[in-house]
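Shown next as structure tokens: one chain only, the form predicted on its own.
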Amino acid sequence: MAPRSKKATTVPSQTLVIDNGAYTLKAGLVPSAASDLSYDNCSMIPNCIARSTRDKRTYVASELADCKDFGELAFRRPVEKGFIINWEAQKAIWEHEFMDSSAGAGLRCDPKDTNLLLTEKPNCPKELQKNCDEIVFEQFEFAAYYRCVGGALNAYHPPSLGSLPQECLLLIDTSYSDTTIMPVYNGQLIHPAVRRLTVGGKLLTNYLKELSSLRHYNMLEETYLLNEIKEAVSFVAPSSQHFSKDLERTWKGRLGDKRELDSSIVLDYVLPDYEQSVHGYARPHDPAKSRMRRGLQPLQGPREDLLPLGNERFAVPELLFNPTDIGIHEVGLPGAVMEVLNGLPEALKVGMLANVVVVGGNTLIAGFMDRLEAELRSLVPANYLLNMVRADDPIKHTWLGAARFASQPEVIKEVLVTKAEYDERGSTWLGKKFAGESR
């Protein structure tokens, strides 16, 4: 007996779109044929379960907003290197955010009456994909489901024509887990040309923790605080030459030959005490306060815990451009982009360079876009047009592309797999279908 045609099977009119990042979930319910989608339709949710050693509470995902003491929080993150590896934690987070009575009004849904569009990173191991598919259908029991590489769905942003994706798109995604460069042609990822760099927001935060612990206080357990500091004060030097000059300007000098620090770079970060303040803040460096902190001068005024930040401000994000600084044997981001382009036919290379879009939280570091564009222009032949933009909201941009894709009934129905089809054909067939091996 021939299998039932999918076109005879009705699917729900709403789709839960999840961009399942390592640091945050970007999620939202998208009605069929929605025409006015924007970043406001997307909710950003911490993708973690945090345990406080101080108040002994456990915070699941959005509950982290209720935490008043971020000191020594122990984080359990279900995503590593961009892939979901801990489904016990991920399942608890999804249930809390989308299905429990505590779920937000714009996110709560019944999986049996909802489609799921789930994004993933390129080159996900097949065993992890199979595990994901089984949990979506067998434990959550979503009505229909589509899993794909999130970067490719950025092609459905304007100036795409109706249901057609942009023809050529070179997407640079520098996020918490890593940095990935993805060439997309007519909405399809060109897998052999994809490049991944180890350096992402997590590595930058860990490097800042090591530097601060070596030079000032032991902050190896203060992941949340150091990530907050990184986001607040980091900047990318305009060039390698500027980087060397800034290192010189922030050098304290040798013992017996102390130098004045450049106050235009060096800052004092006032650490929160979690009693009077929950968040810290940066202010200009005050040498007198620094001497008080080291006990070289009597304390005046209220006690403050200060973290002086000099070359840490620019040496940490410099790893995106020169990972060899800490022994990672990879090319920097501009070099990786050129590797991707050199693996493409000449005609595609021209089209990709004319439409380079940069997304991910690391793009918000001051000076990042200027440095990347300057270095790419020096590498790209002069007769090529280079048009590079950062998304208006680089964190939610991939979600919005996926939402626009999901809002087109004639497009989403072609790719959705229903639970009945999964029950009939199994997870191996589903994996092949999502990989484009089965139609």
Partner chain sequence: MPHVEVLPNSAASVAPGWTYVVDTGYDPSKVAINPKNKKRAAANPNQRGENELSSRQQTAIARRIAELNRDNDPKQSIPIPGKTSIPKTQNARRIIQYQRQIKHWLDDEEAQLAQVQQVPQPSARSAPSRPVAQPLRRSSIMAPVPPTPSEATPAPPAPSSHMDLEDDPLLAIDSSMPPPINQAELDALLSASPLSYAASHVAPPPTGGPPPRHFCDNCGYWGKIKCLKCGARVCGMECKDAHEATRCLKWA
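Residue numbers count along the first chain shown, from 1. Note that the structure is predicted; figures quoted are calculated from it, not measured.
The discussion below concerns the form predicted together with its partner chain, not included here.
Interface residue among H279, H191, R108, R283 relative to its partner chain in the predicted bound form, by the heavy atom within 4.5 Å criterion: H191. Listed residues N206, S102, N218, S264 were compared with its partner chain in the predicted bound form; N206 is the one with a heavy atom within 4.5 Å. Although the partner is absent from this view, E275 stays clear of its partner chain in the predicted bound form, with no non-hydrogen atom inside 4.5 angstroms. When contacts are judged by a 4.5 Å heavy atom cut-off, H157 does not count as touching its partner chain in the predicted bound form. Taking the partner from the other structure, its partner chain in the predicted bound form has a heavy atom within 4.5 Å of a heavy atom of H329. Its partner chain in the predicted bound form comes within 4.5 Å of a heavy atom belonging to E80. The putative spot formed by D113, N227 and L379 is not touched by its partner chain in the predicted bound form; no residue has a non-hydrogen atom within 4.5 angstroms of it.
Residues within 4.5 angstroms of its partner chain in the predicted bound form, judged by any non-hydrogen atom, belong to 133-141 and to none of the other stretches in 354-362, 227-235, 264-272, 133-141. Although its partner chain is not shown here, in the predicted bound form the stretch 53-68 places heavy atoms of T58, V60 within 4.5 Å of it, in sequence order.
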